[in-house]
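The chain below stands alone and is given as structure tokens, in the form predicted alone.
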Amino acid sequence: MYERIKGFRDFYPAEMSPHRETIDTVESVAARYGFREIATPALEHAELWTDKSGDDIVDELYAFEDKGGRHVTMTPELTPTVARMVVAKGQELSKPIKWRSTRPFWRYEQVQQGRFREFYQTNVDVFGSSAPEADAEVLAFAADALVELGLTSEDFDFKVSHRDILGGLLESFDRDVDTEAAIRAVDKREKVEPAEYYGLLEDAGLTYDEARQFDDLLDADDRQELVEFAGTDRVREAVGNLDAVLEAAEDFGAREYCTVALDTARGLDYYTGVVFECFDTTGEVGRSVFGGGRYDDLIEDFGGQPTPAVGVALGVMNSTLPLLLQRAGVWPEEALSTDYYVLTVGDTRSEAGTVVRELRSRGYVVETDVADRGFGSQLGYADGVNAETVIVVGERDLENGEVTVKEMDSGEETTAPFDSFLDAADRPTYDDFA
């Protein structure tokens, strides 16, 4: 027997059903917002990640040398790929560009609940707008998707921050601070012990007392206090931008899901402005469910024209979003769903085929016998695939010009005219003929 590779999962039909429903719901909401679907490759040049994050990131990638001698990797995230695509088309693309995609990604990291080495995300991005409304629309999309999945404001919270507030506060200290390292430390604030957290800030260039002072500022209730402490245009403008995004989110219906939390930093270095992460309000799902933010410099870093950008990625399989839906009791049922099973008895394939084709043409899930089984075996199979209605097309029934219509839940059945029962209703059931 061959075993599945660690960090990867199989999904049998009943297990796959709720994931498909989740994906379809998220994609449907994105489509209604005008995000247009794209498709992207599974393999990219590893330099898309190493040039920005250094060679050490290779340890987290499924990277290798291909037969052409190229250093490539299975894509661990979408943002660099879509940045490359925007650069490739340049001025041909009408802006703002609003794209979406759902696809698998691969990261070689420690396997844990809600985090596998292969996972699926729905990515939504806006390119070409620096307006607060673009950030707010991304927040609104994410909130609407979660609400349509069955969640409420009692279940999730968007913790919203701004990278320039963090960077500006760090710059205000009279020292040579490694801002990116300090922001990565802030990203770990809730994940490590205080001593380790302050140690990371000290490693980034702050003294212990300055690290404590900086940490206290992150919890300030009045953002004007941050402006006064820093005394710089960078912090003042960042606070103004954060407030403008939250005001737009109010108009777009997403403000109630947002909490300002300056210790939300997002560890990736390419984020530049507003960032946010979604959390389970009960804390049962103990880490970020998903996140997003603004990355205004990335297109230019990849050789394109200056192009502001903002986006979010919702993990829809092998991730924490299903854990949140399960915790909240809104995870779709893991079961097969079948509208009709057309059961044949005797030489009735032609007549049964007519029924099957017509019902399928109306958009229903319809199965029939393809294994030359008897009545009992077919009925057992229909029960196994949760068929709602069984239509028995038998030789004796047809001699009387009839079919039998059986409701599986109750076990009740009745007969209906073969020539006209499909005209009785768009979705004919037992109740139409009882």
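Since the model is a prediction, treat every value here as computed from it, not as a measurement. Quick note: we count residues from 1 along the sequence shown, nothing fancier.
Missing here is the form predicted together with a further copy of the same chain; even so, the following discussion is about that form.
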| item | value |
| --- | --- |
| 4.5 Å heavy atom contact, residue 409 to a further copy of the same chain in the predicted bound form | no |
| Residue contact check: residue 41 to a further copy of the same chain in the predicted bound form, 4.5 Å heavy atom | yes |
| Contact flag, residue 91 vs a further copy of the same chain in the predicted bound form, heavy atom cut 4.5 Å | no |
| Proximity of residue 337 to a further copy of the same chain in the predicted bound form, heavy atoms at 4.5 Å | yes |
| Heavy atom within 4.5 Å of a further copy of the same chain in the predicted bound form - residue from 329, 194, 306, 363 | 363 |
| In the predicted bound form, the one of 157, 187, 164, 137 near a further copy of the same chain [non-hydrogen atom within 4.5 angstroms] | 137 |
| Segment assignment from 114-122, 200-208, 258-266, 233-241: heavy atom within 4.5 Å of a further copy of the same chain in the predicted bound form | 114-122 |
| Stretch 14-44: residues contacting a further copy of the same chain in the predicted bound form, 4.5 Å heavy atom cut-off | 16, 20, 31, 32, 33, 34, 36, 37, 38, 39, 40, 41, 42, 43, 44 |
